[in-house]
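The chain below stands alone and is given as C-alpha coordinates, in the form predicted alone.
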(Lines give C-alpha, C1' and ligand atoms only; values in the text may rest on other atoms or scores of the structure.)
Protein backbone atom coordinates (compact mmCIF):
# COMPACT_ATOMS: atom_id res chain seq x y z
CA UNK A 1 0.00 0.00 0.00
CA UNK A 2 2.79 2.39 0.95
CA UNK A 3 4.76 1.64 -2.23
CA UNK A 4 1.69 2.29 -4.38
CA UNK A 5 1.02 5.58 -2.58
CA UNK A 6 4.63 6.66 -3.07
CA UNK A 7 4.35 5.90 -6.78
CA UNK A 8 1.27 8.11 -6.96
CA UNK A 9 3.12 10.98 -5.29
CA UNK A 10 6.17 10.48 -7.55
CA UNK A 11 3.81 10.61 -10.53
CA UNK A 12 2.71 14.04 -9.42
CA UNK A 13 6.30 15.20 -9.35
CA UNK A 14 6.86 13.85 -12.89
CA UNK A 15 3.49 15.04 -14.19
CA UNK A 16 2.66 18.11 -12.09
CA UNK A 17 -1.00 19.15 -11.86
CA UNK A 18 -2.26 21.37 -14.62
CA UNK A 19 -5.79 22.71 -14.58
CA UNK A 20 -7.24 25.65 -16.43
CA UNK A 21 -10.49 27.34 -15.61
CA UNK A 22 -11.56 30.02 -18.07
CA UNK A 23 -14.20 31.97 -16.22
CA UNK A 24 -15.10 35.49 -15.26
CA UNK A 25 -17.13 36.25 -12.16
CA UNK A 26 -19.48 38.88 -13.55
CA UNK A 27 -20.78 41.46 -11.10
CA UNK A 28 -24.23 41.33 -12.69
CA UNK A 29 -24.70 37.60 -12.10
CA UNK A 30 -26.86 36.73 -9.09
CA UNK A 31 -25.14 34.25 -6.80
CA UNK A 32 -25.62 33.35 -3.14
CA UNK A 33 -23.47 35.42 -0.78
CA UNK A 34 -20.98 33.18 1.03
CA UNK A 35 -19.70 34.35 4.41
CA UNK A 36 -17.26 32.82 6.84
CA UNK A 37 -18.00 33.50 10.50
CA UNK A 38 -15.80 32.70 13.48
CA UNK A 39 -14.93 33.57 17.07
CA UNK A 40 -11.28 34.57 17.73
CA UNK A 41 -8.75 32.61 19.70
CA UNK A 42 -9.10 32.65 23.52
CA UNK A 43 -12.81 33.44 23.16
CA UNK A 44 -15.48 30.80 23.77
CA UNK A 45 -18.59 33.00 23.57
CA UNK A 46 -20.52 31.62 20.59
CA UNK A 47 -24.13 32.36 21.57
CA UNK A 48 -24.25 35.68 19.72
CA UNK A 49 -22.64 34.44 16.51
CA UNK A 50 -24.88 31.34 16.50
CA UNK A 51 -27.97 33.56 16.61
CA UNK A 52 -26.60 35.80 13.88
CA UNK A 53 -25.65 32.79 11.73
CA UNK A 54 -29.20 31.47 11.84
CA UNK A 55 -30.62 34.84 10.82
CA UNK A 56 -28.19 35.07 7.91
CA UNK A 57 -29.21 31.58 6.79
CA UNK A 58 -32.91 32.37 7.16
CA UNK A 59 -32.40 35.38 4.89
CA UNK A 60 -30.76 33.36 2.11
CA UNK A 61 -27.03 33.62 2.87
CA UNK A 62 -24.61 30.70 2.86
CA UNK A 63 -22.62 30.76 6.10
CA UNK A 64 -19.48 28.72 6.68
CA UNK A 65 -19.10 28.60 10.45
CA UNK A 66 -15.55 27.95 11.63
CA UNK A 67 -16.37 27.79 15.33
CA UNK A 68 -14.76 29.50 18.31
CA UNK A 69 -11.19 29.78 19.63
CA UNK A 70 -9.83 30.20 16.10
CA UNK A 71 -6.50 31.74 15.16
CA UNK A 72 -5.91 34.36 12.47
CA UNK A 73 -4.30 31.70 10.28
CA UNK A 74 -7.30 29.38 10.64
CA UNK A 75 -9.76 32.15 9.80
CA UNK A 76 -7.92 33.50 6.76
CA UNK A 77 -7.04 30.09 5.37
CA UNK A 78 -10.65 28.89 5.65
CA UNK A 79 -12.04 32.08 4.08
CA UNK A 80 -9.71 31.67 1.08
CA UNK A 81 -10.49 27.98 0.56
CA UNK A 82 -14.22 28.64 0.87
CA UNK A 83 -14.02 31.65 -1.48
CA UNK A 84 -15.97 33.70 1.07
CA UNK A 85 -16.89 37.25 0.14
CA UNK A 86 -16.47 38.39 3.73
CA UNK A 87 -15.41 37.30 7.20
CA UNK A 88 -17.68 38.01 10.17
CA UNK A 89 -15.96 38.01 13.59
CA UNK A 90 -17.63 37.96 17.00
CA UNK A 91 -15.10 39.09 19.61
CA UNK A 92 -15.80 39.36 23.33
CA UNK A 93 -12.34 38.86 24.82
CA UNK A 94 -11.01 42.40 24.48
CA UNK A 95 -8.34 41.63 21.88
CA UNK A 96 -10.40 42.84 18.94
CA UNK A 97 -8.14 45.65 17.68
CA UNK A 98 -5.16 43.34 17.33
CA UNK A 99 -7.13 40.37 15.99
CA UNK A 100 -9.16 42.26 13.36
CA UNK A 101 -6.03 44.13 12.25
CA UNK A 102 -4.01 40.94 11.91
CA UNK A 103 -6.78 39.30 9.86
CA UNK A 104 -6.65 42.25 7.44
CA UNK A 105 -2.85 42.03 7.20
CA UNK A 106 -2.92 38.26 6.61
CA UNK A 107 -5.56 38.58 3.89
CA UNK A 108 -3.44 41.13 2.05
CA UNK A 109 -0.29 39.06 2.55
CA UNK A 110 -1.97 36.06 0.95
CA UNK A 111 -3.37 38.04 -1.98
CA UNK A 112 -6.95 37.93 -0.70
CA UNK A 113 -7.50 41.57 0.19
CA UNK A 114 -10.77 41.49 -1.76
CA UNK A 115 -12.37 39.50 1.10
CA UNK A 116 -14.25 41.89 3.37
CA UNK A 117 -14.16 41.93 7.17
CA UNK A 118 -16.92 42.96 9.55
CA UNK A 119 -17.91 42.05 13.11
CA UNK A 120 -18.92 43.07 16.57
CA UNK A 121 -18.41 42.34 20.22
CA UNK A 122 -21.28 43.43 22.40
CA UNK A 123 -20.02 45.98 24.89
CA UNK A 124 -16.31 45.19 24.50
CA UNK A 125 -15.69 47.21 21.31
CA UNK A 126 -15.85 50.97 21.95
CA UNK A 127 -16.79 53.65 19.44
CA UNK A 128 -13.13 54.76 19.29
CA UNK A 129 -12.04 51.18 18.63
CA UNK A 130 -14.57 50.95 15.80
CA UNK A 131 -13.27 54.14 14.19
CA UNK A 132 -9.71 52.83 14.35
CA UNK A 133 -10.67 49.47 12.86
CA UNK A 134 -12.58 51.13 10.02
CA UNK A 135 -9.54 53.27 9.21
CA UNK A 136 -7.53 50.06 8.99
CA UNK A 137 -9.99 48.48 6.56
CA UNK A 138 -12.79 46.81 8.54
CA UNK A 139 -16.06 47.36 6.69
CA UNK A 140 -18.39 47.64 9.70
CA UNK A 141 -18.56 47.12 13.46
CA UNK A 142 -21.96 46.31 14.97
CA UNK A 143 -22.59 47.35 18.56
CA UNK A 144 -24.79 45.74 21.21
CA UNK A 145 -28.47 46.25 20.43
CA UNK A 146 -28.04 46.40 16.65
CA UNK A 147 -31.13 44.81 15.06
CA UNK A 148 -30.50 41.61 13.12
CA UNK A 149 -32.26 43.19 10.14
CA UNK A 150 -29.63 45.93 10.05
CA UNK A 151 -26.81 43.35 9.96
CA UNK A 152 -28.45 41.34 7.20
CA UNK A 153 -29.22 44.41 5.10
CA UNK A 154 -25.64 45.66 5.43
CA UNK A 155 -24.20 42.30 4.35
CA UNK A 156 -26.55 41.99 1.39
CA UNK A 157 -25.78 45.52 0.25
CA UNK A 158 -22.03 45.46 0.85
CA UNK A 159 -21.22 41.98 -0.45
CA UNK A 160 -23.90 41.55 -3.11
CA UNK A 161 -21.31 40.99 -5.85
CA UNK A 162 -17.81 39.58 -5.95
CA UNK A 163 -15.24 42.38 -6.04
CA UNK A 164 -12.79 40.75 -8.38
CA UNK A 165 -12.95 39.05 -11.76
CA UNK A 166 -10.52 36.23 -12.32
CA UNK A 167 -8.83 33.99 -14.83
CA UNK A 168 -7.28 31.12 -12.92
CA UNK A 169 -4.77 28.74 -14.44
CA UNK A 170 -1.90 26.67 -13.19
CA UNK A 171 1.60 26.87 -14.53
CA UNK A 172 3.14 23.55 -15.60
CA UNK A 173 5.56 23.70 -12.68
CA UNK A 174 3.40 24.65 -9.69
CA UNK A 175 0.26 23.39 -7.99
CA UNK A 176 -2.89 25.44 -8.08
CA UNK A 177 -2.84 27.84 -5.12
CA UNK A 178 -5.70 27.70 -2.61
CA UNK A 179 -7.21 30.98 -3.76
CA UNK A 180 -7.22 30.08 -7.44
CA UNK A 181 -8.54 26.60 -6.74
CA UNK A 182 -11.30 28.05 -4.54
CA UNK A 183 -12.44 30.36 -7.32
CA UNK A 184 -12.38 27.47 -9.78
CA UNK A 185 -14.70 25.56 -7.46
CA UNK A 186 -17.00 28.56 -7.16
CA UNK A 187 -17.17 28.83 -10.92
CA UNK A 188 -17.83 25.09 -11.21
CA UNK A 189 -20.61 25.39 -8.64
CA UNK A 190 -22.17 28.19 -10.65
CA UNK A 191 -21.95 26.47 -14.02
CA UNK A 192 -19.08 28.32 -15.72
CA UNK A 193 -17.02 26.64 -18.43
CA UNK A 194 -14.33 24.23 -17.29
CA UNK A 195 -11.41 22.90 -19.28
CA UNK A 196 -9.01 20.48 -17.64
CA UNK A 197 -5.56 19.38 -18.69
CA UNK A 198 -3.17 16.62 -17.64
CA UNK A 199 -5.66 13.81 -17.13
CA UNK A 200 -2.75 11.41 -16.47
CA UNK A 201 -3.05 12.10 -12.76
CA UNK A 202 -4.69 9.31 -10.79
CA UNK A 203 -6.66 10.58 -7.80
CA UNK A 204 -8.35 8.21 -5.37
CA UNK A 205 -11.90 9.33 -4.46
CA UNK A 206 -13.93 8.22 -1.45
CA UNK A 207 -17.60 8.90 -0.74
CA UNK A 208 -18.79 8.97 2.88
CA UNK A 209 -22.49 9.04 3.68
CA UNK A 210 -24.88 8.15 6.48
CA UNK A 211 -27.64 9.57 8.68
CA UNK A 212 -27.16 12.79 10.61
CA UNK A 213 -25.41 12.31 13.93
CA UNK A 214 -23.61 9.09 12.96
CA UNK A 215 -20.22 10.81 13.27
CA UNK A 216 -19.21 11.17 9.61
CA UNK A 217 -17.23 14.39 10.07
CA UNK A 218 -15.30 13.09 13.08
CA UNK A 219 -14.52 9.89 11.20
CA UNK A 220 -13.27 11.82 8.17
CA UNK A 221 -11.09 13.96 10.41
CA UNK A 222 -9.51 10.82 11.86
CA UNK A 223 -8.92 9.48 8.34
CA UNK A 224 -7.25 12.80 7.52
CA UNK A 225 -4.92 12.35 10.49
CA UNK A 226 -3.91 8.90 9.30
CA UNK A 227 -3.42 10.10 5.73
CA UNK A 228 -1.14 12.94 6.84
CA UNK A 229 0.86 10.56 9.04
CA UNK A 230 1.38 7.86 6.43
CA UNK A 231 1.79 10.10 3.36
CA UNK A 232 4.28 12.83 4.35
CA UNK A 233 4.27 14.32 0.85
CA UNK A 234 0.62 13.65 0.02
CA UNK A 235 -2.27 16.09 -0.34
CA UNK A 236 -5.88 15.55 0.69
CA UNK A 237 -9.09 17.35 -0.28
CA UNK A 238 -12.41 17.19 1.55
CA UNK A 239 -15.63 18.20 -0.21
CA UNK A 240 -18.39 18.42 2.41
CA UNK A 241 -22.10 19.06 1.99
CA UNK A 242 -24.78 20.62 4.16
CA UNK A 243 -28.45 21.19 3.32
CA UNK A 244 -29.87 24.48 2.11
CA UNK A 245 -32.68 25.55 4.42
CA UNK A 246 -35.79 27.71 4.24
CA UNK A 247 -34.97 30.84 2.23
CA UNK A 248 -32.22 28.97 0.32
CA UNK A 249 -29.58 29.85 2.88
CA UNK A 250 -27.27 27.24 4.34
CA UNK A 251 -25.29 26.73 7.53
CA UNK A 252 -22.08 24.99 6.47
CA UNK A 253 -20.68 23.79 9.75
CA UNK A 254 -18.41 20.81 9.10
CA UNK A 255 -15.24 22.89 9.46
CA UNK A 256 -16.14 23.71 13.05
CA UNK A 257 -15.54 20.10 14.11
CA UNK A 258 -12.52 19.35 11.92
CA UNK A 259 -9.10 19.49 13.57
CA UNK A 260 -6.67 17.99 11.08
CA UNK A 261 -8.24 19.82 8.12
CA UNK A 262 -6.25 22.84 9.34
CA UNK A 263 -3.06 21.23 8.01
CA UNK A 264 -1.60 22.96 4.96
CA UNK A 265 -1.72 19.70 3.00
CA UNK A 266 -5.50 19.55 3.39
CA UNK A 267 -7.89 21.58 1.24
CA UNK A 268 -11.49 21.68 2.47
CA UNK A 269 -14.50 23.10 0.67
CA UNK A 270 -18.13 23.24 1.81
CA UNK A 271 -21.06 22.98 -0.61
CA UNK A 272 -24.73 23.76 -0.01
CA UNK A 273 -27.23 21.44 -1.67
CA UNK A 274 -29.21 24.46 -2.97
CA UNK A 275 -32.44 22.47 -3.11
CA UNK A 276 -30.99 19.31 -4.66
CA UNK A 277 -32.18 16.13 -2.96
CA UNK A 278 -30.16 12.98 -2.32
CA UNK A 279 -27.29 14.18 -0.16
CA UNK A 280 -25.09 16.08 -2.62
CA UNK A 281 -25.26 19.18 -4.81
CA UNK A 282 -26.00 19.43 -8.52
CA UNK A 283 -22.46 20.78 -8.81
CA UNK A 284 -20.75 17.97 -6.89
CA UNK A 285 -19.57 16.11 -9.99
CA UNK A 286 -18.15 19.30 -11.52
CA UNK A 287 -16.37 20.29 -8.30
CA UNK A 288 -15.02 16.78 -7.90
CA UNK A 289 -13.68 16.94 -11.45
CA UNK A 290 -11.81 20.14 -10.54
CA UNK A 291 -10.27 18.48 -7.47
CA UNK A 292 -9.34 15.35 -9.44
CA UNK A 293 -7.23 17.50 -11.77
CA UNK A 294 -5.68 19.64 -9.05
CA UNK A 295 -3.07 17.14 -7.93
CA UNK A 296 -4.60 15.64 -4.78
CA UNK A 297 -3.78 12.07 -3.78
CA UNK A 298 -7.12 11.51 -2.08
CA UNK A 299 -10.45 13.34 -2.27
CA UNK A 300 -13.14 12.59 0.33
CA UNK A 301 -16.73 13.58 -0.43
CA UNK A 302 -19.03 13.83 2.60
CA UNK A 303 -22.79 13.99 2.01
CA UNK A 304 -25.42 15.63 4.16
CA UNK A 305 -27.18 13.37 6.66
CA UNK A 306 -29.24 11.03 4.48
CA UNK A 307 -32.30 8.83 4.96
CA UNK A 308 -33.35 5.33 3.98
CA UNK A 309 -33.84 5.93 0.26
CA UNK A 310 -30.73 7.97 -0.54
CA UNK A 311 -28.12 6.70 -3.01
CA UNK A 312 -25.93 9.80 -3.34
CA UNK A 313 -23.03 8.15 -5.18
CA UNK A 314 -24.79 6.73 -8.19
CA UNK A 315 -23.26 6.95 -11.68
CA UNK A 316 -19.72 6.14 -10.50
CA UNK A 317 -19.23 9.49 -8.83
CA UNK A 318 -16.48 8.10 -6.55
CA UNK A 319 -14.18 5.06 -6.52
CA UNK A 320 -15.29 3.65 -3.17
CA UNK A 321 -18.21 4.35 -0.83
CA UNK A 322 -18.54 4.20 2.95
CA UNK A 323 -21.85 4.12 4.83
CA UNK A 324 -21.49 5.33 8.42
CA UNK A 325 -24.18 4.25 10.89
CA UNK A 326 -24.69 4.48 14.63
CA UNK A 327 -26.17 1.61 16.67
CA UNK A 328 -29.51 3.37 17.18
CA UNK A 329 -30.98 2.86 13.71
CA UNK A 330 -34.10 1.24 15.12
CA UNK A 331 -35.42 -2.27 14.65
CA UNK A 332 -34.18 -5.04 12.37
CA UNK A 333 -37.10 -4.20 10.08
CA UNK A 334 -35.83 -0.63 9.68
CA UNK A 335 -32.46 -2.05 8.73
CA UNK A 336 -33.94 -3.81 5.70
CA UNK A 337 -35.11 -0.48 4.26
CA UNK A 338 -31.73 1.29 4.05
CA UNK A 339 -30.85 1.40 0.35
CA UNK A 340 -27.17 2.28 0.90
CA UNK A 341 -26.65 -1.07 2.65
CA UNK A 342 -27.00 -2.62 -0.80
CA UNK A 343 -24.68 -0.14 -2.49
CA UNK A 344 -21.86 0.70 -0.04
CA UNK A 345 -18.44 -0.93 -0.39
CA UNK A 346 -17.69 -0.45 3.32
CA UNK A 347 -20.17 -0.16 6.18
CA UNK A 348 -19.08 1.39 9.47
CA UNK A 349 -20.85 1.02 12.79
CA UNK A 350 -19.51 4.08 14.60
CA UNK A 351 -20.01 5.04 18.25
CA UNK A 352 -19.34 1.46 19.25
CA UNK A 353 -19.34 2.46 22.92
CA UNK A 354 -23.11 3.01 22.85
CA UNK A 355 -25.49 0.37 24.22
CA UNK A 356 -26.58 -2.11 21.59
CA UNK A 357 -23.49 -1.71 19.41
CA UNK A 358 -22.65 -5.42 19.38
CA UNK A 359 -26.21 -6.35 18.46
CA UNK A 360 -26.25 -3.71 15.73
CA UNK A 361 -22.99 -5.00 14.25
CA UNK A 362 -24.35 -8.57 14.21
CA UNK A 363 -27.60 -7.53 12.51
CA UNK A 364 -25.81 -5.41 9.89
CA UNK A 365 -23.28 -8.19 9.21
CA UNK A 366 -26.13 -10.59 8.54
CA UNK A 367 -27.73 -8.06 6.18
CA UNK A 368 -24.47 -7.64 4.25
CA UNK A 369 -23.89 -11.37 3.99
CA UNK A 370 -27.33 -11.68 2.41
CA UNK A 371 -26.21 -9.19 -0.28
CA UNK A 372 -23.36 -11.55 -1.33
CA UNK A 373 -21.22 -8.66 -2.59
CA UNK A 374 -18.18 -9.07 -0.37
CA UNK A 375 -18.92 -5.85 1.54
CA UNK A 376 -16.82 -5.18 4.63
CA UNK A 377 -18.22 -4.22 8.05
CA UNK A 378 -15.95 -2.23 10.37
CA UNK A 379 -16.74 -1.19 13.94
CA UNK A 380 -15.26 2.14 15.08
CA UNK A 381 -15.24 4.69 17.86
CA UNK A 382 -14.02 7.74 15.95
CA UNK A 383 -13.94 9.99 19.02
CA UNK A 384 -11.30 7.72 20.61
CA UNK A 385 -7.69 8.59 19.84
CA UNK A 386 -5.85 5.86 17.90
CA UNK A 387 -8.98 3.77 17.57
CA UNK A 388 -8.05 0.41 15.97
CA UNK A 389 -11.35 0.33 14.10
CA UNK A 390 -10.51 3.59 12.32
CA UNK A 391 -7.06 2.14 11.56
CA UNK A 392 -8.78 -0.81 9.86
CA UNK A 393 -11.05 1.52 7.93
CA UNK A 394 -8.12 3.60 6.71
CA UNK A 395 -6.34 0.48 5.45
CA UNK A 396 -9.46 -0.55 3.55
CA UNK A 397 -9.91 2.93 2.09
CA UNK A 398 -6.33 3.07 0.82
CA UNK A 399 -6.13 -0.54 -0.39
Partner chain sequence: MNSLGRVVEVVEAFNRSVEAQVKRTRRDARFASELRRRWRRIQAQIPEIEIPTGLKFPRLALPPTDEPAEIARYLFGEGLPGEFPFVNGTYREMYLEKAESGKQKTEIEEPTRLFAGLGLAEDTNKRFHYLTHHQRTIRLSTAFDGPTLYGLDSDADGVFGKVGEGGVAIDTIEDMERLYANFPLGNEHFSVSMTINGPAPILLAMYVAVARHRFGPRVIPKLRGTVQADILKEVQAQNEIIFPLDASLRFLRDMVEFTTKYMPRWYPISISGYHMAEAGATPVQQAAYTLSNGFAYVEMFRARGLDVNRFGPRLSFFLDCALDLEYLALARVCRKLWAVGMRDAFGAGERAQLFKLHTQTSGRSLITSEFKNNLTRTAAELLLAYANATNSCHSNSADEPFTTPSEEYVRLAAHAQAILLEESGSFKFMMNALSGSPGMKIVERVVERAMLEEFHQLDELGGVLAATELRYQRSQIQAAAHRYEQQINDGTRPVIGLNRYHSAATESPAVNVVRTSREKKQRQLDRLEKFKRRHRSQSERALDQLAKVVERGGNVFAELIDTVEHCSLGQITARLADLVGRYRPTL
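Positions refer to the first chain, counted from 1. If you're wondering where the values come from, they're calculated on a predicted model, not measured in any experiment.
The same protein has a further form, the form predicted together with its partner chain, not shown here; the description that follows concerns it.
A.B. asks: Would you say all of 202, 303 and 333 touch its partner chain in the predicted complex, counting a heavy atom within 4.5 Å as a touch?
C.D. replies: Spot residues vs its partner chain: no contact at all.
A.B. asks: I need the one stretch from 62-70, 369-377, 356-364, 333-341 whose residues put non-hydrogen atoms within 4.5 angstroms of its partner chain in the predicted complex.
C.D. replies: So the stretch in question is 62-70.
A.B. asks: Can you pick the one in 144, 245, 233, 317 that has a heavy atom within 4.5 Å of its partner chain in the predicted complex?
C.D. replies: By the 4.5 Å criterion, the partner-contacting residue is 144.
A.B. asks: Of 139, 192, 221, 178, which residue is found within 4.5 angstroms of its partner chain in the predicted complex when only non-hydrogen atoms are counted?
C.D. replies: By the 4.5 Å criterion, the partner-contacting residue is 221.
A.B. asks: Any chance residue 321 has a heavy atom within 4.5 Å of its partner chain in the predicted complex?
C.D. replies: It does not: once its partner chain is placed as it appears in the predicted complex, residue 321 has no heavy atom within 4.5 Å of it.
A.B. asks: Within 4.5 Å, heavy atoms only: does residue 346 come near its partner chain in the predicted complex?
C.D. replies: No, residue 346 is distant from the partner.
A.B. asks: Taking its partner chain as it sits in the predicted complex, is residue 33 near enough to touch it, meaning that at least one heavy atom pair lies within 4.5 angstroms?
C.D. replies: Close contact is absent here: in the predicted complex, residue 33 is far from its partner chain, nothing within 4.5 Å, heavy atoms only.
A.B. asks: At 4.5 Å between heavy atoms, is residue 183 in contact with its partner chain in the predicted complex?
C.D. replies: No, residue 183 is distant from the partner.
A.B. asks: Need the contact residues for 254-275: heavy atom within 4.5 Å of its partner chain in the predicted complex, sequence order, or none if there are none.
C.D. replies: Sequence-ordered list: 256, 257, 258, 259, 260.
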